[in-house]
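Shown below, as structure tokens, is a lone chain in the form predicted on its own; questions about how it binds or moves come after it.
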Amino acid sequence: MTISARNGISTSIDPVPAAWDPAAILARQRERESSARTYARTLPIVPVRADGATVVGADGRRYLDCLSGAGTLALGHNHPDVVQAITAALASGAPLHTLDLATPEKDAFTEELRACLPPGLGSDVKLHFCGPSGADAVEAAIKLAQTATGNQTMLAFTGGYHGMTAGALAVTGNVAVKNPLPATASVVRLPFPHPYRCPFGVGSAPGRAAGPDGAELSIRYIERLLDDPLGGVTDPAGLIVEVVQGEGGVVAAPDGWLRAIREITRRRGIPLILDEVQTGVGRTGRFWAAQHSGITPDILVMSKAIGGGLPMAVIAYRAELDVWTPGAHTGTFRGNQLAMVAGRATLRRVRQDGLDDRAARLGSRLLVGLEALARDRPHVGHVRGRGLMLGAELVDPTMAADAVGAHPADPRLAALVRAECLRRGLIIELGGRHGAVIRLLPPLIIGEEEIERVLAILADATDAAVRRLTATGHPTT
């Protein structure tokens, strides 16, 4: 038995049974599952044991997990608090599936969640339990904003990611849940400020004259577009934005820009929807990423970590938006009791132990290490992020840079770095434009020694990937 320490708690990872054949399991998956599978293609491992930030494969190999279920596992794998909460619920004989009925477990989770919400939402804040995924919560938030305003058009941003559902309501026959609004929203895409690939082509390249930055130009553009009678934008139902774009390449919205967005929506009566599916519950160094800028949304979208590793999605919103009629938005798995007890345990541990502050501290250490790695490697074009939500964009430095000094993204190199990391026992994922951004989402309980290990593996894997490309004739330095 292998013993590991996590926040002073001794836990164990049992040995892997020799009977498991990972190659056979992976082969059956390729044969039986759809071609839409993603992680299984790029991370060809068979996890069978996990503890904290460590995953053990069926072949006995150990991996340091910097994916954490795409940010879902705030406390890492099998945290004792979460395991104990789930075990106690199972032993109690409580119902596991309750639709939207009131239960003691749901009541306790609701109390804990309300205690964690941004205070600006008000003491009369309303919660709506959605289906099991973040996309379900986004759908609910959009539908609520449309219902409350009577408008259809949604404002969203370049680089944004809010889920993959499409057409569910469009093919629904029940007219009562479809009225009074169309099934799908018209979307107006707005420019999201990017420090490395600015949509306006401005930045801080050497020798460039000082002028408005991308965030300022974005605000000017949005204000003029919304106020232009010939701009083509019908009255918006809402504006949805990620405080840190995750799948978009770990791009944090500037605090001043977010405050300006809040003011734009407030003055025009547009509900502001913050998608904190991935950033919530301490990930960025504050309990909610919006707290960095001091803004409060009208609707807060939550999923991933709030379920403690189990599927759950919730929206919280101002009471004045609560205009839905009974049954206006439903979902069978709104009453996942195990997710509620696991979520309550997670929220409480993050809040009581100040794991958001810990994420800020360790995230700063990891960011400094990534910046040092980038200084010696021209193919690491830019590092960015907040807390324990960080990214490094890989580029081809032999190709000409644009006006702000950004070289073309190099997705081939990024894919090789991911593979080399896996060979060395580190699980990472990619994102961003062209899939060229290494994304790091370690659990909030990751240790300082593990942070150093992540940096060492990344440096070694990046160097190895560059050598592989050089050997195959790929132009790089």
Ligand code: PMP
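Don't overthink the numbering: it's just position in the shown sequence, from 1. Please read all numbers here as calculations on a predicted model, not as lab measurements.
One more form of this protein, predicted in complex with the ligand, exists but is not displayed; see below.
J.: Within 4.5 angstroms, counting heavy atoms, which one of the listed stretches 193-201, 394-402, 242-250, 89-97 is next to the ligand in the predicted complex?
T.: In short, 242-250.
J.: Would you classify residue 134 as touching the ligand in the predicted complex, given a 4.5 Å non-hydrogen atom cut-off?
T.: Residue 134: contacts the ligand in the predicted complex.
J.: So in the predicted complex, is the ligand close enough to residue 221 to count as touching (4.5 Å, heavy atoms)?
T.: Outside the cut-off, so no.
J.: Check residue 163 for me: does it contact the ligand in the predicted complex (non-hydrogen atoms, 4.5 angstroms)?
T.: Heavy-atom contact with the ligand at 4.5 Å: present for residue 163.
J.: Using 4.5 Å between non-hydrogen atoms, is residue 284 touching the ligand in the predicted complex?
T.: Judged by the heavy-atom cut-off of 4.5 Å, residue 284 is well away from the ligand in the predicted complex.
J.: Which residue among 388, 289, 277, 342 has a heavy atom within 4.5 angstroms of the ligand in the predicted complex?
T.: That would be 277.
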